[in-house]
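Single chain ahead, written as structure tokens, the form predicted on its own.
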């Protein structure tokens, strides 16, 4: 990485200001004065500005328990967004790994690491998603079989991938998907003659929504949770 780019990223100074700082002999690399803004540095180098060591900001990985009424977007002119819920983290630069409908609750993952986000949502990695649905009618064996076989949804040209559907008490159902089409869970149940009253996402891959998180609350992912999405 160029020295002026490193200084800019580590301090949020504009690039031209970082270049002037280097030219004005305010920056050292491993204790040596460097006057070339294009000098190449590594993350392991000790880089100081006015004697203060600089460090690049570390990527952030966050788990959020999304409540109803929020949209998974970075901006929206009509509805509150999930980034508004991050009271302890600056939302700047964060993006959502996959989306939940405004009336769907549960696990949302956010990060400013673009490659990590891509791995989480990429279809080729097949990270399963686990949902709990509250339905108008109890799940029957025919619905379970239809989910396992794949369902042709209205407006689609290809059946859904095989999915698991397990009947739960009080008209509930646990659903496990390996894909993420638009309103997929709701549309699959609708195709089976049922209606989703409420939907909650419990898990993505091996990352399970923390039971200690109240609706709207968030926490940083553990290193093990982050690495579960590594290639």
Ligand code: URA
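Positions refer to the first chain, counted from 1. Given the structure is predicted, the values throughout are model-derived calculations rather than measurements.
Although it is not shown, the form predicted in complex with uracil is what the next lines describe.
- Message: So uracil isn't shown here. In the predicted bound form, which residue out of 86, 151, 120, 100 has a non-hydrogen atom within 4.5 Å of it?
- Response: Selected option: 100.
- Item | Answer option from 184, 28, 194, 203, heavy atom within 4.5 Å of uracil in the predicted bound form | Contact residue from the list: 184.
- Spell out, yes or no, whether the shortest heavy atom distance between residue 64 and uracil in the predicted bound form is within 4.5 Å. Close contact is absent here: in the predicted bound form, residue 64 is far from uracil, nothing within 4.5 Å, heavy atoms only.
- Query: Taking the shortest heavy atom distance, is residue 163 within 4.5 Å of uracil in the predicted bound form?
  - Reply: Heavy-atom contact with uracil at 4.5 Å: absent for residue 163.
- Counting only non-hydrogen atoms and a 4.5 angstroms cut-off, does residue 104 reach uracil in the predicted bound form? Residue 104: yes, in contact with uracil in the predicted bound form.
- Item | Residue contact check: residue 173 to uracil in the predicted bound form, 4.5 Å heavy atom | Residue 173: no, not in contact with uracil in the predicted bound form.
- Stretch in contact in the predicted bound form with uracil, which is absent here, among 163 to 171, 184 to 192, 56 to 64, 30 to 38 (heavy atoms within 4.5 Å): Among the candidates, contact is made by 184 to 192.
- Message: With the partner left out here, which residues of 114 to 132 have a non-hydrogen atom within 4.5 Å of uracil in the predicted bound form?
- Response: Going through 114 to 132 in order - heavy atoms within 4.5 Å of uracil in the predicted bound form - there is one hit, 131.
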